[in-house]
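Next comes just one chain, in structure tokens: the form predicted alone.
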């Protein structure tokens, strides 16, 4: 007789197996395609590439727009993360610390921009940027668009973090004569730290991976890694080159997401504030 415990364990093993295969197979295929030698194409009659070399990696580094794309992507992403975080803080503080009529509606309204497809948002921003004369400054225009586009993530994460701050710790610190900075350090920061890092990492990753804004607003002079992937796979359909770019785009973000998951697991809401 199968017990509920055995059934749950079997289902969990099955789920983990499917999830692992779902991740491992695409990465394995991308790695294999990225090492296909152009002198010996990988045809369906071969299980593995007949000849493997690092030619594609060397070619993409030396003879493509990969260098400026990396520079643009990894300059834009941290700036977008910082600007988005700063702009989101007042709204997140109000939603997390104050009680007012319509608060839940305001929380939902802050997330509504996520419903709009990014291509629609990109076209909308392009029109606005041309009207205000910012479209010619492509880096600033994309930074502005990314900031607005990712504000819902920052507002939601930080508002939840502010909700975790315990009022009794704040009151205790004030009763002991702590300065405003000391109150923030001992009562606010322990609860906010995971949310701050999560916000910065998520916005950073979303900015690096974002395609529509960079493609529509940035054309023709501004290139990022996602637009290069599209050029290799969408326009030219060069699968090995696209595999190289996909790995360059995905692997750092996967590492950051694993770090973020570990960070969030280490955050204990019961200990969300320090001692006064």
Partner chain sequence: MIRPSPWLITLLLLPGIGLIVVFIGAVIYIAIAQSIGFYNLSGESGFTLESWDKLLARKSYWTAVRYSLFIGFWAAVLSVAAAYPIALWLRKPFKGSLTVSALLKAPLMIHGIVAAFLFLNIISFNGIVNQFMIWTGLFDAPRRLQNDSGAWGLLFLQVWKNMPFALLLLTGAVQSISQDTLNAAQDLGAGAIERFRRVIAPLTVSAMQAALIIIFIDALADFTFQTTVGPTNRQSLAQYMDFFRSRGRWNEAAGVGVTLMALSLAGAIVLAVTARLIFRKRPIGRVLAWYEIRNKEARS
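Residue numbers count along the first chain shown, from 1. Here, rigid core means the biggest group of C-alpha atoms that superpose within 1.5 Å across both forms. Note that the structure is a prediction, hence the values are computed from the model and not measured.
Beyond the structure shown, there is the form predicted in complex with its partner chain, which is absent from this document and is the topic of what follows.
Asks: Please name which of the stretches 194 to 202, 178 to 186, 70 to 78, 109 to 117 has residues with heavy atoms lying within 4.5 Å of its partner chain in the predicted complex.
Replies: Partner-contacting stretch among the options: 109 to 117.
Asks: Pick from 173, 158, 143, 151: which residue has any heavy atom within 4.5 angstroms of its partner chain in the predicted complex?
Replies: Of the listed residues, the single hit is 151.
Asks: I need to confirm a contact call. Of 223, 60, 36, 242, which residue comes within 4.5 Å of its partner chain in the predicted complex, counting heavy atoms only?
Replies: Contact residue from the list: 242.
Asks: Could you tell me if residue 190 has a non-hydrogen atom within 4.5 Å of its partner chain in the predicted complex?
Replies: Looking in the predicted complex, residue contacts with its partner chain do not include residue 190, since no heavy atom lies within 4.5 Å.
Asks: So in the predicted complex, is its partner chain close enough to residue 8 to count as touching (4.5 Å, heavy atoms)?
Replies: Yes, residue 8 is a contact residue.
Asks: Please run the contact check for residue 97 against its partner chain in the predicted complex: heavy atoms, 4.5 angstroms, yes or no?
Replies: Residue 97 belongs to the contact set for its partner chain.
Asks: Residue 26 versus its partner chain, in the predicted complex: is there a non-hydrogen atom within 4.5 Å?
Replies: Looking in the predicted complex, residue contacts with its partner chain include residue 26, since a heavy atom lies within 4.5 Å.
Asks: Just to make sure I understand: among 50 to 82, which residues lie within 4.5 Å of its partner chain in the predicted complex, judging by heavy atoms?
Replies: Counting only heavy atoms within 4.5 Å of its partner chain in the predicted complex, no residue of 50 to 82 makes contact.
Asks: Once the core is superposed between the shown form and the other one, does residue 46 show a C-alpha displacement of at least 2 Å?
Replies: Yes: residue 46 shifts by at least 2 Å between the shown form and the other one.
Asks: Given a superposition on the rigid core, I'd like a yes or no on whether residue 248 shifts its C-alpha by 2 Å or more between the shown form and the other one.
Replies: Superposed on the core, residue 248 moves its C-alpha less than 2 Å between the shown form and the other one.
Asks: How about residue 69 - superposed on the rigid core, does its CA move between the shown form and the other one by 2 Å or more?
Replies: Shift of 2 Å or more: no.
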